[in-house]
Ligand code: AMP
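To begin, one chain is listed below as structure tokens, in the form predicted on its own.
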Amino acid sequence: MELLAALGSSEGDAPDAVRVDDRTMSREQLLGAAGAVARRIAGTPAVAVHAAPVAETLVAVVGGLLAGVPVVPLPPDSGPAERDHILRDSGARLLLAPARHGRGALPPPAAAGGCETVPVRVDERADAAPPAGLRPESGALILYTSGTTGAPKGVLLSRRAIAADLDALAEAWAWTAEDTLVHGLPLFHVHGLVLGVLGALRVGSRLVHTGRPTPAAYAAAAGSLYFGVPTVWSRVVQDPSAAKELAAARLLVSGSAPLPAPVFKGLETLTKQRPVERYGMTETLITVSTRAHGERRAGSVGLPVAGVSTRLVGEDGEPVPYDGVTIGELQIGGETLFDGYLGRSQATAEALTADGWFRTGDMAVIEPDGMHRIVGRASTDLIKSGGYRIGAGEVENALLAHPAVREAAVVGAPHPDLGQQIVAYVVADGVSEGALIDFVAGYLSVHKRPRVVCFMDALPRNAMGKPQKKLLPPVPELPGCMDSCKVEGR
């Protein structure tokens, strides 16, 4: 098939070409099992997949792509309300789920939203060619957003957009059939599913999904190319023996959230190589990345990949200078853009500019040499304090540079004089609020220091390890948080 170009090729195929946790398959076996699924679901308007980290999930997704049926990955830990919304909103008529019990057990029938549950087996075999008339612009996946601003929206991704993005990343990362890709990421997001599964099946590299992304599992996989989110890489750095096993790898790729500078430095120290950072969204796929053969700069997500254009726009709608200082909203154009939000024409129109660029809602700066640095979301991470525009991300990185701080999230809170004051939520031991404020004031400009520091046991995070700032408690509800506006130096 045209999207998964290497799947039908015998070149480089092996009995363990694809491994997911405790199951191995050749690409031929995967294609045969997926063919059986494709025959059963042909003609269905959309098919949901219970996307547990098991081999059956790969079989189900590839089966949908073979049949030309849009695939709707369903988080295996989704609650009844979320599951019912996704199934009903997507129009899925069938729910594909592993036939075997255990980690990939069938979901409860009550949660299926009226869908018929179809068991998936790895040992089935059937030939199935893509249906006649299947075009590159046909829908491949419907991925649901996190729903932070309302009910999750279905993002329509075409076969053409996915293929263009994977080819651009293969070029950026020198990713070839000679690689062994290792990751343990969820199979219902762009990172774990599109890059981490469809990418390997397009390029032809061996794929090892570790089930869970533990340092020990990563070390034992002996890969050449590794994908991880910052939480994964932080745990790897905390396990030096496992980290040193990754020194033989060709490339360590981090994404889905900013990689803290201390983790970047830890990986460099332990593995003798700097990680590659990249940037993307569900609606745009992966659009910006540092390169395998280029500079890998801590805090930078690099340059636009082939076929993608970027621009920075100020609040007045005018371009902002690429001076490494001025913050603007990052907008994306190019081949990898989504086809819209399912059934939400108004939301789609609002997400695009009049000339067709996607409004990411992310604030960024671009260096004179074109390197991009993301400073946070416009809605939660752009802080306007005392006439300054401050990116929460750089304050978080400054806090994480303190040896006592393990986690940090920074937000802007209303302030009668400053407009907004910088509030830091940290997980730390043996350090005072005043010491952290002074540390940031010495690390960055004084006006970027927190005015309030709130100590927590842990930060709320989603499945990809991103801090969920909207779930942080308001400052007055946190005992022990002290207003630090008396600190001089604004």
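Basically, rigid core = biggest C-alpha set you can superpose within 1.5 Å across the two forms. Residue positions are given as counts along the sequence shown, with the first one as 1. This structure is a prediction, so every number in the text was calculated from the model and none was measured.
Another form exists, predicted together with the named molecule; not displayed. Remarks below refer to it.
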The unique member of 95, 301, 411, 168 whose heavy atoms fall within 4.5 Å of the named molecule in the predicted bound form: 301
The single option of 265, 125, 389, 121 touching the named molecule in the predicted bound form, heavy atom within 4.5 Å: 389
Contact of residue 89 with the named molecule in the predicted bound form (heavy atom, 4.5 Å): no
Partner proximity in the predicted bound form: residue 135 to the named molecule, non-hydrogen atom cutoff 4.5 Å: no
4.5 Å heavy atom contact, residue 393 and the named molecule in the predicted bound form: no
Residue contact check: residue 374 to the named molecule in the predicted bound form, 4.5 Å heavy atom: yes
Residue stretch of 266 to 274, 251 to 259, 311 to 319, 201 to 209 approaching the named molecule in the predicted bound form, non-hydrogen atom distance within 4.5 Å: 251 to 259
In the predicted bound form: members of 274 to 302 within 4.5 Å of the named molecule, any heavy atom: 277, 278, 279, 280, 281, 282, 283, 301
Exceeds or equals 2 Å, Cα of residue 448 between the shown form and the other one, core fit: yes
Relative Cα spacing, residue 313 and residue 420, in the predicted bound form - shift of 3 Å or more: farther
Comparison of CA distance in the predicted bound form with shown form for residue 447, residue 318, at least 3 Å: farther
